[in-house]
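Both blocks below hold the same protein chain, though in two forms, and each is given as structure tokens: structure 1 and structure 2.
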Structure 1
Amino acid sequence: METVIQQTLNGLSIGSIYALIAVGYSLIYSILQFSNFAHGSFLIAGAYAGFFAMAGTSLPFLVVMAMALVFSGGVAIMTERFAYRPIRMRGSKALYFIIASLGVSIFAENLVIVTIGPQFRTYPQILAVRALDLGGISVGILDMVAAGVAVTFLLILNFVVTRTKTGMAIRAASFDLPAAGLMGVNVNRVIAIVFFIAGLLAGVSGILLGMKYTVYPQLGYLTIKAFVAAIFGGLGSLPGAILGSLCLGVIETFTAAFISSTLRDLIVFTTLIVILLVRPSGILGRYVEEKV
């Protein structure tokens, strides 16, 4: 029984990091109706910014983290401004956004390889690498901190979306972007805010993943798992993205612990196919006819 609880906690920890990424996917999808495959670029921007800030300065961790998150959010805004907005202003189909996002993703990865290098980089040690014994259940300190940070940011996001005027504008734009513009909502500003939030959350996950593992140019590929999680829960649904991420994290850890780590991805993507066949809109998603 202790092993089941142990693996559940591990799964929830990694699932909470996936949730930060999946929520960003869902936010952008809910506004612009396309899957932003350049999301990994925001993640590696935050991961590398955090690494260099920690390794090159003696600033407090929270200050370094804030600088890295502003940087990843800024990268997201620049991506929207120069890669997606020209396409949007021409009224192009969602397919062109997807193609552009793939191009941005490849460009960012190769830019990192050319300018920084392809080698793996290890974050300076900030937290003790040891586990706490909670009644026979061993929980890593870093896992606990990662889960706590992820939950904190998700609660802040929920407050912004549900309790502020900016959140109200985001929700209005997610229902009908052109109509929101006609009602006086500054659409360009709302989209920029959504990208900043998505980039910031991806930056948080990049720092946490960098601290847990290492930083390397292909780290952004992990966002594919979060994309799967977003589909699990229902692409476009924020609660669905969180639920799907937690489920994905638990499925991964249970597969690795009780079956085989080599079958982890196979089972995850098989589960994805089954969910798409049984419920194409995801667990909490809503069916919309013309989504891509």
Structure 2
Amino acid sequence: METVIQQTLNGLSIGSIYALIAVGYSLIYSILQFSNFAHGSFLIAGAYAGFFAMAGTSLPFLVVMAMALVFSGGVAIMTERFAYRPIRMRGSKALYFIIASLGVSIFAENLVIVTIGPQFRTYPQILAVRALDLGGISVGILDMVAAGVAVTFLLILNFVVTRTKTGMAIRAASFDLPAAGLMGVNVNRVIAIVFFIAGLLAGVSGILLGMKYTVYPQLGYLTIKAFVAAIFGGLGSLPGAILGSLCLGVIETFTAAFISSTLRDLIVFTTLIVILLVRPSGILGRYVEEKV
């Protein structure tokens, strides 16, 4: 029993970070209808900005965090402005966005290798690597902080999307982008805001991942898992992305623990295929008929 609880906690702590990535990814998908593979680049932008700000300055932690997040959000806006907007203005298909996003992610990884170097960087320790022992079950302090930060940011996002005017514009745009444009929504501005939010959330997860593990140019590969989580939960649905991420984290951990760690990815991706076959729109996704 103890191991089951321990493994569930392990799974949830992994899942909460997937959730931050998956939400941003899902947000962009819901507006532009394409898989933004450059999402991992926003994540490493945040992770490295946080690392350098923290290792190089003596500013308080929260200020450093904020700077890093503005940076990763900025990188996301720039990516949209220079890589996606020209394609969008030409009215090209979603396929071209996907190809461009792949290009951006490879570009970003190599840019980091060339400029910063391929080695692993370790965040200065702010929180001691310690665990609370609750009767045989250990809960990492950093994990709890990470989960807390993730929940906070997701609540803020929820507030912005459901309670503000900008949020309404985002929802309108995700419902039908051209129609929202016709109704007077400044589409370019909404898209820029969405990218900023997505980049910011990816930056948060980058910093948390950097603190938990280390920072390296391939850190962005973790977003693949978040893509899977987003599909699990239903592409384009924010609660779905969170639910999918937590499920994925727990499934992964349980597979590794109770079945076989070698079969983990095999089982995760098999589940993905089964979900796509049985319920193509994911757990919470809406299935929308193609409008002719």
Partner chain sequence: MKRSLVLLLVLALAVSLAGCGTPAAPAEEPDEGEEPVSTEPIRIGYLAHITGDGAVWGVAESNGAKMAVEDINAAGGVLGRQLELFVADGRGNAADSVNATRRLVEQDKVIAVLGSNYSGVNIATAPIVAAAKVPQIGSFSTNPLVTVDENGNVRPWSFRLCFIDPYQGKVIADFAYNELGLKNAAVLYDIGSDYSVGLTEYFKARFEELGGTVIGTWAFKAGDVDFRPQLSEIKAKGPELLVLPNLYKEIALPAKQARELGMSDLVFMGGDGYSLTMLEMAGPELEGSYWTGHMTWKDPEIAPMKDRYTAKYGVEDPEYNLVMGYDIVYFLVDAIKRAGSTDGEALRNAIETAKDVQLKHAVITMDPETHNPLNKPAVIEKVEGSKFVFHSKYVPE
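Residue indices: 1-based, along structure 1. In this text, rigid core is short for the largest set of C-alphas that superpose within 1.5 Å between two forms. Please read all numbers here as calculations on a predicted model, not as lab measurements.
Two forms of the same chain appear here; which of them is the form predicted on its own? That would be structure 1.
Cα of Ser260 displaced 2 Å or more between structures 1 and 2, core superposed? Yes, Ser260 moves 2 Å or more.
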